[in-house]
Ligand code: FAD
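Taking the form predicted on its own, here's one chain by itself in structure tokens.
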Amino acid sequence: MNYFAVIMTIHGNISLQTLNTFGIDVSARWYGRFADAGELEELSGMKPGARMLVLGGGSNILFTGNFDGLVLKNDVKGITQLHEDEEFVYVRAGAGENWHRFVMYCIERNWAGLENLALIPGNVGASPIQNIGAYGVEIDDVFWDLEAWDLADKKLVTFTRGDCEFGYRESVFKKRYPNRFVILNVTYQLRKHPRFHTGYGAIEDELQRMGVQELSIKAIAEAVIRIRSAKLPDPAQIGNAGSFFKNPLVTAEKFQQLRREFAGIVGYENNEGMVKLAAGWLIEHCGPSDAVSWKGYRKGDAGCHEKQALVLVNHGKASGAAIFELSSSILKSVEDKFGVVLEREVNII
């Protein structure tokens, strides 16, 4: 590695506007990129004592101001088929690989399990941190292991599925070890013979509209892409980070109480006897004092998407602080009306 070149890459105020999908115009005091553990180790030690942030696809983050520290961009790439058995194929992907492109790479090879997760923004490295999920499938269902760099002990560590302590949009990396481990690659256990998941959301209706006669993982992925494209904004067109809030879990008793008062409320029972409420429905059915619904609401350049209330957007020059303030107002109105506390899914920096 050229030491002088690395020093140059981390010096100076660098704009992060194109490195976060909200398009928030902030800068980092120092910035660098790494493609392997060796580069990460060297770069992370060059500003001792400085606050540090590792960026992936920038799709699950809201900057509320300039970052007075070192930002390192994860550029670990590569997709490798490690081995296979009669039922599964084990595929390793670099943390810096684009998630949707990786999903489509697997679908082209008929490796099943990721099709319901098509078009989720971000990179591979974020998938286990968030335990990303959509349409009845989560990373927990297909995860095998990952390799991560321990910033504290300066060594490579392998995490198995049990080590990750996956929960709903949760993992050990968020709960117990925030900012300690940098994920370098993730291995997925994908099926040679698919088990289709079409009962969640509008997948079955979309498959019918597509005229699908024979179900396949490719058809499911296409249905998911169409559904997401119809209701979720493209970050290349309008700044956003996808779903801003988690779908809250309530007891079955609480759900019955809410359903008696709000007949159209949407909820899905899980295996633990809890009910997952549709946060988008809750947000859409309450609003600020000057509007009936948050859906489509706009204050300055900070707003709520016109087709999906769960998505907050930057119409152009909104600050992260303005979007955060809007999210706080939404949280309060949902709690006031429904007695349900929403939680932000997006990381606030």
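Just count from 1 along the sequence shown to find any residue number. What you are looking at is a predicted structure, and each value in this text was computed from that prediction instead of being measured.
What follows is about the form predicted together with the named molecule, which we do not show.
Check 160, 167 and 189: does every one of them have a heavy atom within 4.5 Å of the named molecule in the predicted bound form? No.
May I ask you to choose, among 107, 172, 132, 207, the residue with a heavy atom within 4.5 Å of the named molecule in the predicted bound form? Of the listed residues, the single hit is 132.
Let me know the one among 95, 91, 223, 103 whose heavy atoms come within 4.5 Å of the named molecule in the predicted bound form, would you? Spelling it out, the residue with a heavy atom inside the cut-off is 95.
One stretch from 314 to 322, 42 to 50, 56 to 64, 24 to 32 that, in the predicted bound form, holds residues within 4.5 Å of the named molecule by heavy atom: Contact-bearing stretch, as computed: 56 to 64.
Within 4.5 Å, heavy atoms only: does residue 232 come near the named molecule in the predicted bound form? The answer is yes: residue 232 has a heavy atom within 4.5 Å of the named molecule.
Any non-hydrogen atom of residue 143 within 4.5 angstroms of the named molecule in the predicted bound form: Because no heavy atom of residue 143 falls inside 4.5 Å of the named molecule in the predicted bound form, the answer is no.
Can residue 113 be called a contact residue for the named molecule in the predicted bound form at 4.5 Å between heavy atoms? No - in the predicted bound form, heavy atoms of residue 113 and the named molecule never come within 4.5 Å of each other.
Should residue 74 be counted as a contact of the named molecule in the predicted bound form, where contact means heavy atoms within 4.5 Å? Yes - in the predicted bound form, heavy atoms of residue 74 and the named molecule come within 4.5 Å of each other.
Which residues, if any, of 147 to 185 lie within 4.5 Å of the named molecule in the predicted bound form when only heavy atoms count? If the 4.5 Å heavy-atom criterion is applied to the named molecule in the predicted bound form, 147 to 185 yields 169, 179, 181, 182, 183.
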